[in-house]
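Consider the single chain below, provided in structure tokens and representing the form predicted alone.
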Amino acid sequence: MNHFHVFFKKELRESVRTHRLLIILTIFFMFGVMNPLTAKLTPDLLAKFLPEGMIIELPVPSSLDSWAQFFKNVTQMGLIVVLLVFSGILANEITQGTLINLLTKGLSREAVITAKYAAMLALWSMGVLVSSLVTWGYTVYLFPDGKSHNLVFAVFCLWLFGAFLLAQLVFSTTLVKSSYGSLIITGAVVVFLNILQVFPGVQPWNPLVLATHNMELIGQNLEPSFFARPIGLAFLGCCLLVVLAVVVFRKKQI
């Protein structure tokens, strides 16, 4: 446990030194500002650029549009940024030799994997928290309509899916030597989960719904109980992938 604590603090300091923390917080803060602003301005911009004489009835923007932007931006761009930032978190240290020195001095391999995953989770959590709070505050100011429900739970579902992908990334980094390989494996898992969405019987169990059905939850078109099975599988997946990463890393020649 002491090894974990020491290496976890080292990972956080490394995130500051390499600007990982700054990159994630800056991008997610920008998302938080852009989400409600985009929802507010999009109808006006569309109306402005329509051909002269053409009239289209556009719906009045609401808080639902703002949160739709939030989930779209964090899912499509935010997660990609986070995965790119962390893709070389293990391969780079092995290549540079810094991790070898620590391991020869008694650092346990279990502490390496668990501390790295915990640090990744910490930065991902900070990014989601910043973006969701800024989006919420700006949305309440621009759209005080009370149409959005289950916000905390919907954001939690997205956070858990991100935690699942990070666990997959950690496991992937123990299988290959390059950061690109770990990204390819993680991307393949996402593609596979998308393919599973085609099968109606599998969909209620698919962790992917944690990142794709958030607006149905906020609009009260789905009950929170619908997400119980995907949440359970995503949580078990996180635990299993981290354990597998530890097992593979123990046997990995560095």
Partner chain sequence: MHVLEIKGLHKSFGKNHVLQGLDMAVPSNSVFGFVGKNGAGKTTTMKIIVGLLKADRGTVTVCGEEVAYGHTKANRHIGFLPDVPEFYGYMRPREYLQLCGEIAGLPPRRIRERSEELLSLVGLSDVSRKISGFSRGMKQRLGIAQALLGEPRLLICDEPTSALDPVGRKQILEILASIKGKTTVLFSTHILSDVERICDRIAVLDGGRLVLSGTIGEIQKQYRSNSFSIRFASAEQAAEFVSLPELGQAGITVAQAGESLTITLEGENTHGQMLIDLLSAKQITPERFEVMEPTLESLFTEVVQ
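The structure displayed is predicted, hence computed values, not measured ones. Positions refer to the first chain, counted from 1.
FYI, the form predicted together with the partner chain isn't displayed, but the following is about it.
Visitor: Establish, in the predicted complex, whether Ser62, Asp65 and Leu151 all lie within 4.5 Å of the partner chain, using non-hydrogen atoms for the distance.
Guide: The answer is no; none of Ser62, Asp65 and Leu151 reaches the partner chain.
Visitor: Applying a 4.5 Å heavy atom distance criterion, does Ile80 contact the partner chain in the predicted complex?
Guide: No, Ile80 sits far enough from the partner chain in the predicted complex that none of its heavy atoms falls within 4.5 Å.
Visitor: Evaluate Val247 for contact with the partner chain in the predicted complex, applying a 4.5 angstroms cut-off between non-hydrogen atoms, and reply yes or no.
Guide: Looking in the predicted complex, residue contacts with the partner chain do not include Val247, since no heavy atom lies within 4.5 Å.
Visitor: Please tell me whether any heavy atom belonging to Leu129 falls inside 4.5 Å of a heavy atom of the partner chain, as the geometry stands in the predicted complex.
Guide: Flag for Leu129 set to no.
Visitor: Determine whether any heavy atom of Leu103 comes within 4.5 Å of a heavy atom of the partner chain in the predicted complex, and answer yes or no.
Guide: Yes, Leu103 is a contact residue.
Visitor: Heavy atoms, 4.5 Å, the partner chain in the predicted complex: which of 104 to 112, 71 to 79, 156 to 164, 119 to 127 makes the cut? Say which one.
Guide: Only one stretch qualifies here: 104 to 112.
Visitor: Just give me the residues of 15 to 36, first to last, that have a heavy atom within 4.5 Å of the partner chain in the predicted complex.
Guide: Result: Arg17, Thr18.
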